[in-house]
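Below sits a lone chain in structure tokens, taken as the form predicted on its own.
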């Protein structure tokens, strides 16, 4: 019997999201295969964050079909929805860390959807030895292992980003997403952080989708670039071709 094709990790068909009476995403068709690395690029307001939130199951589509890791997130509710969302590791642009908590506690919070509220809160407030060991290993892998017990509001922006990455990994996700992860760091740290995402994707065989404003970063680390503008996909291809169409990809609505 011939091998069956592996289904995509993400599949959007005609996905539309309307917020405040405006179509933020409008008829998006997109597939991301297992272990594939994709960079989303485009100007501010293009729909990149909305697309990632749609894939993460945070926003439902207004219309169209969405399948993520073999399920339609909008069809799920309650514990099933939380469990599915925990399979998608999303590093938010604002990081969504709790400032007054220590790094270990913020990372432990990543498993709230997978473990249930009681066990999850127990691990946040009183992490077991095995949980502590696991979280320390994750923080060490992303380069901040010595900040295990440090409050995150006392860490630098780059260090906080790495704590957020460790939290996403603690979820044991089947898909890793990052929304503008390098927007608040200098170019050197930005490159190091993108390299980290790529390394983690390869090590764990995770499909990776990252939104970026920097086309050079996207072209340097991602074999596939998807360009959004005004909520629509206007480009999907190789980074070399994306460079040639840079002016079109980053032109804002009403621009030249």
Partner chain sequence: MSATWQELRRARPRARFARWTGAFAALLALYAWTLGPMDFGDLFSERRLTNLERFLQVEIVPPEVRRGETTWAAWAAERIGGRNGLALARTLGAAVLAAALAAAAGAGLSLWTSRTALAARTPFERAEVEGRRGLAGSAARLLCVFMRALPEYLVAFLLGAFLPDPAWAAVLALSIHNAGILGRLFGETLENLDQRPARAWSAAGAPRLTAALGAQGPAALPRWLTFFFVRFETCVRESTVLGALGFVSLGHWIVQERAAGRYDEVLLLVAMGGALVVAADLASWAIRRWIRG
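Just so you know, these numbers come straight off a predicted model, no measurement behind them. Numbering follows the first chain given and starts at 1.
Below, we refer to the form predicted in complex with the partner chain, which is not included among the displayed structures.
This chain is displayed without the partner chain, yet in the model of the complex the stretch 126-134 from 68-76, 173-181, 155-163, 126-134 comes within 4.5 Å of it by heavy atoms. Although the partner is absent here, residue 185 lies well away from the partner chain in the model of the complex, with no heavy atom inside 4.5 Å. Proximity to the partner chain in the model of the complex holds for all of 102, 140 and 146, with the criterion being a heavy atom within 4.5 Å.
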